[in-house]
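As structure tokens, one chain now follows by itself in the form predicted alone.
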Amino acid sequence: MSQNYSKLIKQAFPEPVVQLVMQAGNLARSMSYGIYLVGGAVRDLLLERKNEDIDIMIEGDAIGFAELLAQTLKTGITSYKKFGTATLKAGSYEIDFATCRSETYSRPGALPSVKPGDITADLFRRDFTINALALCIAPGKFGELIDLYNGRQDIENKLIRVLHSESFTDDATRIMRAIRYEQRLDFEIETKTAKLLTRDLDMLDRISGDRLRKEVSLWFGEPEPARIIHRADQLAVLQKLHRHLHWNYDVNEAFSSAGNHAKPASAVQLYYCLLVYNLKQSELDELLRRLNIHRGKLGDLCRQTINLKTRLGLMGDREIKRADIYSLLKDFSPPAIRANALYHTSRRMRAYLDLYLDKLRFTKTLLNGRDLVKMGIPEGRLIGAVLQDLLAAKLNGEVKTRLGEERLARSIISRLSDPGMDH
């Protein structure tokens, strides 16, 4: 007799989520729909890990069902008709509703052809046994586990296992996901699955750049990307992105330290800059094209990283003033600068980069252009030149007060003024 997890559901989720799930079950019964909690939410429930993204599969019209449920609960709904899904919120939790479906692949690496199916077909399309679990949430069967592939046992044994031998051939992005789940959960890729992964590495060549980039970004959204990069190198997955990407001690140190500096909103950008730091310009261009980021902000950040590394390399280890540090770095984005700070071998240069990121880039003069006009300076190029010199003086600690800036401004004006200039 299968174990019932109704108590665990009620203990794991806050009351608003439990009530929504139970009302969804009641509505599904009235419509003669099968309804199931599936995937990562079930896995994390059994692992007693928090997961605020809840997926519910419906053996029926998911959007129509979710719209009726939203009316009943008098809550908002977001529908995605293109994907046949809808999302309701319960506190900080997002509950996604989708129609159970089956998938077939016309060729390796292709996106699947999808059609409606039942829960059995839906679980078969999952990537790993630990994600191919479902909990029925219909009244009378609430909390009953559907485990067709021994996923619960693999959770207990801490194993990542594919459902069938052609899983990576069908969708090679599962190779990258296997590493991500293995490191996130502190599991191990099961022996046969590891052999299939090695066998099917070349299938990654058939995956589009956009899909590869999505998986890399998911790597970088994990709590410890350093572990993922190391494991990806061990399994030769990193080299499938580009042959010159490798893990070593310096890479590990940079990735491990990055979390202390990056805010969540910019962490992924920083990890990309760290990933490309050791590439040559031609190698970088190849990788950016492979991941389809040769245009746009992310590609620019990666190029800035290499350009700054080259510029810093030409400078050596000489002492420079704060204003010169500012001038050197002001046109570079923080992730590119931080990547160089985490990798650079010179303590002095790392200190300069940190100083800019932590302090210098926020430095402003107390006087602005309007103040200078009031002091009698005609609008034009002279204003910009005076402000630039004032900022340099403030960065170097030569002025600290408004009065000091005013005195220096008059001195600069006297020096820069030229009867022949067009004011």
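Model, not experiment: these values are computed from the prediction. Numbers for residues come from their place in the sequence shown, where the first is 1.
Below, we refer to the form predicted together with cytidine-5'-triphosphate, which is not included among the displayed structures.
Interface residue remark: D55 is counted as part of the site for cytidine-5'-triphosphate in the model of the complex, having a heavy atom within 4.5 Å. Contact check for T193: every heavy atom lies farther than 4.5 Å from cytidine-5'-triphosphate in the model of the complex.
Contact check for N131: a heavy atom falls within 4.5 Å of cytidine-5'-triphosphate in the model of the complex.
Contact check for K240: every heavy atom lies farther than 4.5 Å from cytidine-5'-triphosphate in the model of the complex. Though cytidine-5'-triphosphate is absent from this view, in the model of the complex it lies within 4.5 Å of a heavy atom of just one residue from D127, D147, D154, D200, which is D127. Distance criterion of 4.5 Å from any heavy atom to cytidine-5'-triphosphate in the model of the complex singles out Y181 from the list F332, W247, Y181, Y93. Here the chain stands by itself, but in the model of the complex one stretch of 119-127, 139-147, 265-273, 229-237, 119-127, has heavy atoms within 4.5 Å of cytidine-5'-triphosphate. Against cytidine-5'-triphosphate in the model of the complex, the set E286, R289 and H294 makes no contact: no member has a heavy atom within 4.5 Å. Along 167-199, a non-hydrogen atom within 4.5 Å of cytidine-5'-triphosphate in the model of the complex is carried by D171, T173, R174, R177, R180, Y181, R184, in order along the sequence.
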